[in-house]
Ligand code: ASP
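Consider the single chain below, provided in structure tokens and representing the form predicted alone.
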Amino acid sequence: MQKILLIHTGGTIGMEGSEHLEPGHYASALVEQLPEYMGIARIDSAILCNLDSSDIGPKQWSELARMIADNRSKYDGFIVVHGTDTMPYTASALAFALEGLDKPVVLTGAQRPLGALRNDARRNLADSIEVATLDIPEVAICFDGLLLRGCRSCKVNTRAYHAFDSPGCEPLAKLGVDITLAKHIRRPTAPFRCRPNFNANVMVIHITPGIQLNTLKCLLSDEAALNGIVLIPFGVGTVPCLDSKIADFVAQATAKGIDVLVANAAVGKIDMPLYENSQVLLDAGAISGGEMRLEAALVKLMHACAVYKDRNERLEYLRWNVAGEME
């Protein structure tokens, strides 16, 4: 029988209250709601924390990665119960921290608590238990009948049960009457190692029409102490050049040793050589994030800045498709 470790971090699935949801009292009772699954897996539970996911960040990512690594030899799969708001960030963090992953790590949660009428919590938890017993060695999000690659996922709806999607990346599995597995499930190509380090001195800048260079210059001060910037441009990578000259800001940042990673706000691949107004970013030293979205790009840059002190190694890592985040 498969052995699964369910790790609780908090979130709506176990919250209580009607007007203002607050973290409730967690217990192994979550699993007890699904007695039929006792026949397919032995499920142990552990509590990492009991937080609203808006309070989960680099500290908890590191602790969670270590917990999974420390228990890797004891279990066949892992389920992480997590709030929905920052679930894609945590999924990305685990995808980068758990290099050479050879077992499923499934994040799940709910839009309505397990104790509420007409909730989605029961199905999501049941689906997660089942996929955690399968040969899917990736960090994934299981929600509303879909298993999505964690580092390609984003929250797309706050009021529907279909809360997550992975634009440009087909689901790893579809859970209907049958479970249909995709052909693009990744396999480990290197020995397992856990590198649970993240540098929080990284920020995201969304390019907007009329944005001014002077507005951004304060970010390059020594007091700001930035190590990295995720730049979200227009389209495939274009930025204003006529008045704003954002490329000058990028050039100043990279000259100071601040890495600038360009990620996508839309579906598709960043292609900086395509236009003159995108080539300028490449000339200024920015790095293309391929098809990475904001969540994965931010976490990957945090990870790179923490793990690689040598800049050439860091840039090589940022260009490497580590966990399927770039294509």
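Note that the coordinates shown come from a computational prediction; the quantities given were computed from them, not determined experimentally. So that there is no doubt, residue numbering starts at 1 and follows the sequence shown.
The same protein also exists as the form predicted in complex with the ligand; that form is not shown, yet it is the one meant from here on.
K.L.:
Which residue, S166, T238, S244, Q111, is the contact with the ligand in the predicted complex, using a 4.5 Å heavy atom cutoff?
P.N.:
By the 4.5 Å criterion, the partner-contacting residue is Q111.
K.L.:
Between the options D85, E170, E99, D248, which residue brings a heavy atom to within 4.5 Å of the ligand in the predicted complex?
P.N.:
Answer to the contact question: D85.
K.L.:
With the cut-off set at 4.5 Å between non-hydrogen atoms, does D52 touch the ligand in the predicted complex?
P.N.:
Taking the distances in the predicted complex, the answer for D52 is yes, it comes within 4.5 Å of the ligand.
K.L.:
Where does the ligand sit in the predicted complex: which of 103-111, 249-257, 89-97, 184-192, heavy atoms within 4.5 Å?
P.N.:
Only one stretch passes the 4.5 Å heavy-atom test: 103-111.
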